[in-house]
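One chain is shown next in structure tokens, namely the form predicted on its own.
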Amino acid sequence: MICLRHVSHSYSRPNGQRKLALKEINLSIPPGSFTAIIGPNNSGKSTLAKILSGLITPSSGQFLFEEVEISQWSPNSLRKSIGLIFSNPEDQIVFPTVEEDLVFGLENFCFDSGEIEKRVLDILEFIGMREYRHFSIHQLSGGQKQKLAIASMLILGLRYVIFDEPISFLDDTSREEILTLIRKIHKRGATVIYMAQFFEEIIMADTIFALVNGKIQWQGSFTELLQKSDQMANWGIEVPPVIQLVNRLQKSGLTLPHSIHTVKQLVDALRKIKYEN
């Protein structure tokens, strides 16, 4: 369980003034859950991700990880429990080959050679890149680099994985591959915390928080969020055209399910209404 109580954080500006990035954040993230935090640029998502991963200490408030104050955890224990995946994999990959990058963290924790070999093969199989074991990083596509960045964290046996907009730099095909991989990670038992900017990233979440200007403005399910299109627009969160259309049709008196979020779902629902009438 991750629990934040009245967490705020500010940064120092070059002129000496402080910029408040997060304001009175309260949230609980149960083990095994999939939590999405959606918000526009500069809403505080990356700051929150760094706090949740233990990379930075909040200016005020309390952060409990498994009912223990985060400062009481040793850095090594925390690193093997919580990991952060950045939006740009280039910021996370250190070594020139796939295998070297995967082995690095394991060697730091003094795993024996047999265990290292097993974990490397297992994680490459899990991400679908076993044949790339000896490839150079420059031979990989953007999506493959992001898979490697994710694998370099997972290989340590993480129980909590935080993603900070991990598909921002990818093409459509790679985006879907990474989202599919994240679903697999969650199904395997990891707790997933996902910082998102787009709707396609939050469909699989159990609970969604809307973070705007450093404050949590709302929390609920994906279906409940679909009914908040007006509020989302005010928050600076882009509402997909199909959802805008569904809301207009509902307001005009057409009875449509609130769960619709794709063109296919809308077409199917309209066909059903046509046949019933």
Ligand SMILES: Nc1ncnc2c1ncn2[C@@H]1O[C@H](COP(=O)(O)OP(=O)(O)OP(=O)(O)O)[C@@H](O)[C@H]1O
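All residue numbers are counted from 1 along the displayed sequence. None of these values were measured; they are calculated from a predicted model.
Here the subject shifts to the form predicted in complex with the ligand, a form of this protein not shown in this document.
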I'd like to check something about Q197: if you look in the predicted bound form, is any of its heavy atoms closer than or equal to 4.5 Å to a heavy atom of the ligand? yes
Looking in the predicted bound form, any heavy atom of S46 within 4.5 Å of the ligand? yes
Closest heavy atom of K19 to the ligand in the predicted bound form, within 4.5 Å or not? yes
Report yes if any heavy atom of P40 sits within 4.5 Å of a heavy atom of the ligand in the predicted bound form; otherwise report no. yes
Looking at E177, E99, E165, D206, which is the one with a non-hydrogen atom within 4.5 Å of the ligand in the predicted bound form? E165
Looking at 46-54, 23-31, 244-252, 228-236, which one sits within 4.5 Å of the ligand in the predicted bound form if you count heavy atoms only? 46-54
Across 1-22, the residues having a non-hydrogen atom within 4.5 Å of the ligand in the predicted bound form turn out to be Y11, S12, R13, K19, A21
